[in-house]
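This document starts with two versions of one protein chain, written out as structure tokens and named structure 1 and structure 2.
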Structure 1
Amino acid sequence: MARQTARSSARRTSKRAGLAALLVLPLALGACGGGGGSASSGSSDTLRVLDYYNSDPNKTLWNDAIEACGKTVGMKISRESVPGESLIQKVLQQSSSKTLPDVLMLDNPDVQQIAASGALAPLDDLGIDSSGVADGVLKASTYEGKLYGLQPVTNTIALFYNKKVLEAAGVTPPTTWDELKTASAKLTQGEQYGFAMSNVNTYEGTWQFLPFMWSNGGDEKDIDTPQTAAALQLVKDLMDSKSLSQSSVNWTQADVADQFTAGKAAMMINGPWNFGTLDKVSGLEYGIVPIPVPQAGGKTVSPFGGEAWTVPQTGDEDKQKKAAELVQCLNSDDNEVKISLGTGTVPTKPALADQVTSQNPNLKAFADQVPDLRARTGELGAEWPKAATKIYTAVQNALVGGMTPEDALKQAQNG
């Protein structure tokens, strides 16, 4: 499963340690990126690859895929994996020394910012075929109408529930907001809360709130709307009724998982990167369903994580073509299925979902969401971090700041 991939993406979503660097990246890369191009270093028969898959299972799975694709395209591979928090700094250093790699992996919310710097080659111009990939996933790697990254696998969040606890209480997994409130109240007993999610004041809190906001028609361009207010009112109602712990304003997703595994939460919002942790808990039987929607029959619209493979502007057109062939190979149907099963992610091509979920049913709730996944940077691009900050600020002010959802959202929107 995707322990590293999903966790890395989600945590980068929340911490974004390289944000400051990203904000200045366009100037830094633009000086030697798209303008005149930077010289690619290394032998003409070798592709240099940079990523942050530095621990298993991702390290080995991706290494095998990259090496196999290297043979397919007739090139040797020189691969470097760095810690996730070091990737952007590494790219800056390589840009300065004109030694950008031939193939660069990026966390999907970063692709547009790097593309805006001129450091990446448009994949459309290199003959990349992106057919079959979910529109929302492609949107995250598209800048000014050009595709700059291709993402083979992804992850998102869903509603986990304790099968034994729900069965004992006579509760079926909720599918609507009303059902969520009713089920959560019934499941709240003694030290056990019915429902848990992260409402922390970081991008991680925003990441968890987005499915409620987006599924109700809320939009990050303007959060001061009745749709987003209703989503925030739902979370506030759950907390006011004591079905959701007030401590959730300090919980990360890992803390939420701890509450669930300790039996202190009957249901939780979380991602597939927790499978390993949950499966180690003796006697714990859990199920997973999409996050409840406002009305029956509605669609859950969730954000997604995962990384995209890009081709930097190295100035060596022949190697850029070979790099594009490697990226295409990494995104082949066979590799999407193999990587998904090995890392606990799901394919970005919805048509491949059955091949994965038939072998790992726990992934179905995540795979079913792929056609409707929405990119965090899809509408605002580089402005997304500002919107994300407004969202988690409003959530905190409504849950523990004494403000109504409407006032909290209005204040956050207007700064």
Structure 2
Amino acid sequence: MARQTARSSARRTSKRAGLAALLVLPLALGACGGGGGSASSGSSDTLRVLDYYNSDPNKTLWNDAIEACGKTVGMKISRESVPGESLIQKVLQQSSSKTLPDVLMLDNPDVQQIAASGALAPLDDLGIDSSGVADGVLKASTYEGKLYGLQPVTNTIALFYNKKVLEAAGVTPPTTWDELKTASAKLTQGEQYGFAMSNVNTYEGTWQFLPFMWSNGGDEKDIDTPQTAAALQLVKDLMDSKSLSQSSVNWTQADVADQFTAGKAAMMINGPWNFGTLDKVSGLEYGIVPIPVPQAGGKTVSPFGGEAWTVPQTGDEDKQKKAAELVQCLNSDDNEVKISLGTGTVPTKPALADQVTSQNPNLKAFADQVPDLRARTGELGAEWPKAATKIYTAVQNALVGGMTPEDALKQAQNG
């Protein structure tokens, strides 16, 4: 070793110089990047837009809509799309470095939390008109009495069923909980489960459980109630009777869709964003009905998904006004219809539902629910994540943790 060191020291020096150059390179590149970025954001005729629509059809459709609206309000657009899971991270980072964009898209349950941090401008002050939008949708974007976001389109979940399988078994799509149980049991044969849903231990699992909980009168403020326990008992019954795979505690909604398309599940709870995947499967014919309710004649209360457009506090009042105009334009009737049809969502203005469902009947089960949709953050606002965690924890404890629904909910509620 020692002998070698002496000989190679000269060579190593030049290597070190090379290494040093390599280390400095990213710094130099970073400086260039930063300079370019701030120059474009500094210009007064450009609006910076941040969203997570980074894959088609959303990517292209939204790009067209944003560019067109930019022309309408007379501003250039500099748009950035980040992967969905890194958006909040990016927003927090931009919050602390005071580099928030002029127009920001947020997933609707996040709006109140970001509004609570003070990073968003109230839209009422900027002259935004929100008339015609369903109340539940507005509630999600309202924090302490002020509207902070405007959401053009929404989606929710419903019961998808395999037409051929149900027909062969002589089963009609269930409308009540009892029907759901008997239909699921009847459809469970061989390697095929009758029913599939996601009970995963993330907000996705909570989102899938909410229609059962809410339709039975359960409430997120206090989940230790007989109504919520009955809803949880229903899911537990389905799993205990082997109509629902135990693997559902580890399934995301994408996994549920995979089970359905592979013929391993005859019915599933899922959303319209799966149309693309489902339509690609040859020979698969599916129908969609609202999620079954506790008793006949009851109403399904589902949570809604989708994103709202907000205007961050950038300190530049003129630009904030222009940004608000852009948000208003993105929420125009024309845009709502166009984007609904293109992305398999429904307009948040119930009056526009017919224009969409007449062209895409599959969306009817979702559009019908819009007036009754309930916001996840409607009651608890920024405290929602804590409640959502309690709900999926209780669901998992009851389904596989060996607890009764009552005990699981009580333990979760009391932390």
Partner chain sequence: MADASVGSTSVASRTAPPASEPAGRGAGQKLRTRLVEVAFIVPAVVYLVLFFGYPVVKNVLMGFQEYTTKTFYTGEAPWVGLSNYSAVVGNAIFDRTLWNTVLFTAGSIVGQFALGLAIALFFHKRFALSGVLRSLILLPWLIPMIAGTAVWRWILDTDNGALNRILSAIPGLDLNPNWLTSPQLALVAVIGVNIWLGIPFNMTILYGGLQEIPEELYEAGALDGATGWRAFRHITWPMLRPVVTVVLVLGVVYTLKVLDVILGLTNGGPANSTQTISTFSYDMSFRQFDFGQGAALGNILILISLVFAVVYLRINRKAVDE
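All values reported here derive from a predicted model rather than from experimental measurement. For clarity, a rigid core is taken as the largest C-alpha set superposing within 1.5 Å between two forms. Residues are numbered by position in structure 1's sequence, first residue being 1.
In this comparison the chain labelled structure 2 is the form predicted together with the partner chain, and the other chain is not.
Put simply, the chain has two rigid parts that turn between structures 1 and 2, and the hinge between them is at Thr154, picked from Leu330, Ala196, Val235, Thr154.
Between-form comparison between structures 1 and 2 gives a rotation of 9° for the smaller rigid part, taken against the larger part from C-alpha superpositions.
Here the two forms are laid over each other by their core, and the C-alpha of Ser96 is off by 4.1 Å between structures 1 and 2.
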